[in-house]
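Let's start with one chain on its own, the form predicted alone, as structure tokens.
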């Protein structure tokens, strides 16, 4: 099952967040060779904030096997800040539009269907938070796979070759119909989310 963690600095989820940032370092820097900064074996950047929503999936031994980062786009976000030149259509923006980045899956599980549960958890999270649309800069291969399982993906521009791999800016809707199609495609009959870890509400002292 999948855990949802709100906030990169959520004090109740420090161990879970550390596992995710370490997995990101292993997948994106060590395996894929992306030129990203890391800190003591952890990969995080300016887009890991108190507003960020994370999906994390763990195995029976509590090892992280999959993760994803989701950010509202009413503030700074990667597509607008770094890849805006690839967008021929207007760049999506809004509190109800989420950018999806840093999708990571353990190498030995990439043909297992594990990512399907993460996709369903993504839609479930979006509906709970009131998000209506996803956007991002994705590999063309990933986009094609998502279209085959039921996502109504709309490219926002022409593909761009990055590190030898074709990528394209795209968007797709978050709605119950898409969630139902994903569950049907992956043979998932119920909710994929096991637990939601919200950021604690600051406690205000009451004046005596």
Partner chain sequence: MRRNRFNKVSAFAEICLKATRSHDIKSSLTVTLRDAGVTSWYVGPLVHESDLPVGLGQFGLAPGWQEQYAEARHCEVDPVFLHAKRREGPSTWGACRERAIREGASRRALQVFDEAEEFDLLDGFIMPTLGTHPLVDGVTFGGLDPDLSTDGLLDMQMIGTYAYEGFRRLAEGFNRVSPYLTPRELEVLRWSAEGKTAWEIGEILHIGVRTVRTHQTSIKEKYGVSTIVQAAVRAALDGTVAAPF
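Residue numbers count along the first chain shown, from 1. Predicted, not measured: the structure shown is a model, and the values here were computed from it.
If you look for the form predicted in complex with its partner chain, you will not find it shown, but the lines that follow are about it.
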Taking heavy atoms only, is residue 62 within 4.5 angstroms of its partner chain in the predicted complex? no
Though only this chain appears here, would residue 160 touch its partner chain in the predicted complex if you measure heavy atom gaps against 4.5 Å? yes
Answer for residue 89 alone: is it within 4.5 Å of its partner chain in the predicted complex, judged on heavy atom distances? yes
With a cut-off of 4.5 Å between heavy atoms, is residue 30 one of the residues that contacts its partner chain in the predicted complex? no
Contact segment among 145-153, 22-30, 39-47, 63-71, judged by heavy atoms lying within 4.5 Å of its partner chain in the predicted complex: 145-153
Check, residue by residue, if 85, 166 and 181 all come within 4.5 Å of its partner chain in the predicted complex, counting heavy atoms only. yes
Residues of stretch 1-36 in contact with its partner chain in the predicted complex (4.5 Å, non-hydrogen atom): none
